[in-house]
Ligand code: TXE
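This document starts with one chain, in the form predicted on its own, laid out as structure tokens.
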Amino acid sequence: MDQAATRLSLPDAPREFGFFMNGEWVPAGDRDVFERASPGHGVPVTRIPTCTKEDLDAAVAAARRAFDDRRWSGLSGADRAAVLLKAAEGIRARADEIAYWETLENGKPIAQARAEVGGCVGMFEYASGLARSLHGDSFNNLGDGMFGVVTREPIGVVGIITPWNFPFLILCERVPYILAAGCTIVAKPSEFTSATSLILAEILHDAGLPAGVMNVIPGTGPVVGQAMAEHTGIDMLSFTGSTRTGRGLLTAAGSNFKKLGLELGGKNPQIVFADADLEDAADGVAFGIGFNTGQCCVSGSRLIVERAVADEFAAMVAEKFKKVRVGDPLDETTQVGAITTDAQNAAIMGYIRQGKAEGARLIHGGEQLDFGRGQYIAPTLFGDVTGDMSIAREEIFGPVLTVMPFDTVDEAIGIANDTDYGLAASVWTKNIDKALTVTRRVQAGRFWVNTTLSGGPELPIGGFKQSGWGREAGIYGVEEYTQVKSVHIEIGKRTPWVE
């Protein structure tokens, strides 16, 4: 196929959006408007209102009314499931549109964006079943005079703050499960990548979700995000982002002791033993750091490899990096796209300079790539890395991989756990004893054996240590947004306390 035929076109003009509240679009009016330029092309692609604290207050009030009058939580699980299934159909029907705008605002390759949207369809379909199967418990062992019931009830109004790296995917890892539980939602996407969150709100409305149940309020973190954390009308806040910001939310959430769900940073190990299928492992390691240009909280950014094959394996990974197709996100063949924000681009290049200054050996990459427009960084591999270097300890959030050798299983586990984080990890070995030992002892909320960055809606998402609290997706992701109530039912005549 001709290369030019595989590249989509840029829009003729930026797409204008309002924001979505109480079941309808609200125009920008006299609010400030954020014009987003595509990080892969440097041209304006969307124009979206920058909402205010007053807009947030109105959205929370709409979500509160929708929750209190039980227009959603009062429905049967079957009725909620029907809406979620229609929403899945709506996402499938608009998948190309969603992927296109996701790519334009974020800079990720269009093929990756399409795959993510397809996965989001599955999340809504799976959550629809959970809406029908969510249940409590009963205790028939309290004697003839008492019967006990434990119920799960929706927690109420949920605030969601999502980052710019996976705008649609991260939202869909939460929204269908929150709705399955019977809650209402106020979502704040990143101001850099708001388009697909607003499209999802429209899809849900068209699927029959009652007005006020899903509200999307774009805006900045310091204004809308901070106000969400402090808002006494929000019962639970789900935040995905940096550990530094998450730490600040802990204090702000004390306004009404709201429950927090936090998916935060990661410095995730990929452990490779000499007995692994090294070709598979090299490909998996390259994918684990190159996916989404390394702007992924579960990126495998630390390569911990058995010393006997360390040099050979590093060379294999470097060869993979040389073949990775970096370029225009709208090109169907691109594997690694653009860096999403100017600030992140500068931060990644700063870490690369710091790695060199601290004595790490640059094996591959390390440079900014010039394609005439947009911002791109070559997949980068560092050797001779020690555990005290900043590139080994801090989350870079870019396509930068560090290599550290080990001699024993215990040493590999020790290096893997030598971090404040505990979000994800991978191990590559054909020895089941090693695989199980490492899986049990490495501190990480998600673990992959002889693969990486795989999964589906059935398994939960979340971290250990400073990588966060709580779990998203699966049945755990529905239960996270419920409260447990114990009900004691007395049977028969009461024994008098006062005679």
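Values in this document were obtained by computation on a predicted structure and should not be read as measured data. Numbers for residues come from their place in the sequence shown, where the first is 1.
Separately, the form predicted in complex with this ligand exists; it is not shown, and the next lines address it.
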So, Gly290, Gly355 and Pro379: all three within 4.5 Å of this ligand in the predicted complex by heavy atoms, or not?
no
Note which of Thr220, Asn256, Thr386, Thr151 lies within 4.5 Å of this ligand in the predicted complex, where distance is taken over heavy atoms; exactly one does.
Thr220
Heavy atom within 4.5 Å of this ligand in the predicted complex: which of Gly182, Gly241, Pro167, Pro269 fits that? Just give me the one.
Gly241
Only one of 184-192, 88-96, 303-311, 102-110 sits within 4.5 Å of this ligand in the predicted complex by heavy atom distance, namely 184-192
Evaluate Pro329 for contact with this ligand in the predicted complex, applying a 4.5 angstroms cut-off between non-hydrogen atoms, and reply yes or no.
no
Is there a heavy atom of Ala392 no more than 4.5 Å from a heavy atom of this ligand in the predicted complex?
no
Does this ligand get within 4.5 angstroms of any non-hydrogen atom of Phe397 in the predicted complex?
yes
So, in the predicted complex, is Leu249 in contact with this ligand at a 4.5 angstroms heavy atom limit?
yes
Partner contacts in the predicted complex for 132-170 (non-hydrogen atom within 4.5 angstroms of this ligand):
Ile161, Thr162, Pro163, Trp164, Asn165
